[in-house]
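Shown below, as structure tokens, is a lone chain in the form predicted on its own; questions about how it binds or moves come after it.
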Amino acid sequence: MFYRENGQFKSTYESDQQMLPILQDRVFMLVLLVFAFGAVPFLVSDYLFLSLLIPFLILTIAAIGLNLLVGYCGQISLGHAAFMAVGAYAAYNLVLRVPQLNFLVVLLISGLIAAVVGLVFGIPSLRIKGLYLAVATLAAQFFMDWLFARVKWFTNYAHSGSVQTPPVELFGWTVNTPAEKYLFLLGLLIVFTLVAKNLVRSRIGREWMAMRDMDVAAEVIGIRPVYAKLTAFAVSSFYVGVAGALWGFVHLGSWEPLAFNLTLSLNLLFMIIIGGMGSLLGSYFGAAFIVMLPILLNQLPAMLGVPISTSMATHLELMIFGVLIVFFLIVEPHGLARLWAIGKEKLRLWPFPH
């Protein structure tokens, strides 16, 4: 009875096209933001910040980037962790060689470098699609793994091949404590989500979705496949590159080339499959699920009095991922986001059966 649209009239185009047209959604979002900014930093422990919230926020940015490419444009990618690595190493070298740059500028330049690399590896999408495109993007993963492991310039000639980052500084503010990292990442995530939401509602977003639904028909009505596909690769790689820089500087602090391996690429793909392809909300759900599942598998059996080994928890994690991917592809291809939408529809009709 609380989720009703009765009396909420739209008298202008602006009110009809707003991102949250229902009053209850706007109130819920406002309360959620107030709680996230005003209460969470004081209620959550450092362990939850470091193991749950910070990885969730960064991976959500990466999942949004991949969802723009796969979910909205229909271009399959199996190597997006490679673009995360590009962003991370670009940020590391920018901070190392041009220390005067503000970290926000470093993030922007790192994302642009990743976008250029994404454009290069997106060129095959003009001629191939489906499984063949997935293999082409997989080649980007293997090439970047080789490049950052063999070319020592990227790691400042470190003998171990690993790099260590300095603390993040913004306008004299050192982002050091877990709560400060959380607030910084939360602000960035909100900005990137708003930009992505407006992108998919704009002309370029409609072009992406037309290419996803039927590329031949989209070309017939005047959409340029070259422009649509390459812009999708560029924007997606920009998002993922920024997420890679944040993953390296804010979450890891130090890393080696294997930190951005094929497993991370597959986890990004699992996020949007489980969360919901073609849905920004699904990127949030998928990232939360991927981050929370290993923690639950490690702690829940012990809480229930059935302790399991670490290797068993890892194997269970892979098995659950596989089962859920098959389940969602068969039963609900649009993932957890669609289940959330169905729940909202039920609330709008409850308690009436129709």
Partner chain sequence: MRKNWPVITLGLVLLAGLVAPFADRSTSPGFYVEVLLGGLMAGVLYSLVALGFALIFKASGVFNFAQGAMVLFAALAVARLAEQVPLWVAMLIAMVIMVALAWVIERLVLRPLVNQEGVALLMATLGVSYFLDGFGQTIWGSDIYKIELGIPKEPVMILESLFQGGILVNKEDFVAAIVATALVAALALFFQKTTTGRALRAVADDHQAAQSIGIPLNRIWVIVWSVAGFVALVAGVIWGSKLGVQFSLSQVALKALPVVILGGFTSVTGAVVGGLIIGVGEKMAEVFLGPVMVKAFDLAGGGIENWFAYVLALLFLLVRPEGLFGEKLIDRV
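Between two forms, the rigid core is the largest collection of C-alphas that superpose within 1.5 Å. Note that the structure is predicted; figures quoted are calculated from it, not measured. Numbering follows the first chain given and starts at 1.
Keep in mind that the form predicted together with its partner chain is missing from the display, and what follows is about it.
Visitor: Heavy atoms within 4.5 Å of its partner chain in the predicted complex: does Pro333 have any?
Guide: Result yes; Pro333 sits at the interface with its partner chain in the predicted complex.
Visitor: Should Tyr92 be counted as a contact of its partner chain in the predicted complex, where contact means heavy atoms within 4.5 Å?
Guide: Because no heavy atom of Tyr92 falls inside 4.5 Å of its partner chain in the predicted complex, the answer is no.
Visitor: Within 4.5 Å, heavy atoms only: does Asn176 come near its partner chain in the predicted complex?
Guide: Close contact is absent here: in the predicted complex, Asn176 is far from its partner chain, nothing within 4.5 Å, heavy atoms only.
Visitor: Quick check on Ser279: any heavy atom within 4.5 Å of its partner chain in the predicted complex?
Guide: Result no; Ser279 lies far from its partner chain in the predicted complex.
Visitor: Assess the spot marked by Val105, Val163 and Leu246: is its partner chain within 4.5 Å of a heavy atom from every one of these residues in the predicted complex?
Guide: Heavy-atom distance to its partner chain in the predicted complex: none of the three under 4.5 Å.
Visitor: Determine which one of 177-185, 137-145, 194-202, 163-171 lies within 4.5 Å of its partner chain in the predicted complex, judging by heavy atom distances; exactly one does.
Guide: Residues of 137-145 come within 4.5 Å of the partner.
Visitor: Here the chain is shown alone; which of Leu262, Leu252, Val116, Met209 has a heavy atom within 4.5 Å of its partner chain in the predicted complex?
Guide: Of the candidates Leu262, Leu252, Val116, Met209, Leu262 is the one lying within 4.5 Å of its partner chain in the predicted complex.
Visitor: Counting non-hydrogen atoms within 4.5 angstroms of its partner chain in the predicted complex, say which of Leu96, Val226, Ile221, Met214 makes the cut.
Guide: Partner contact (heavy atom, 4.5 Å) among the options: Met214.
Visitor: Given a 4.5 Å distance limit between heavy atoms, list every residue of 252-289 close to its partner chain in the predicted complex, or none if there are none.
Guide: The stretch touches the partner through Leu262, Thr263, Leu266, Asn267, Leu269, Phe270, Ile273, Met277.
Visitor: Has the Cα of His315 moved 2 Å or more between this form and the one not shown, judged after a core fit?
Guide: Yes: His315 shifts by at least 2 Å between this form and the one not shown.
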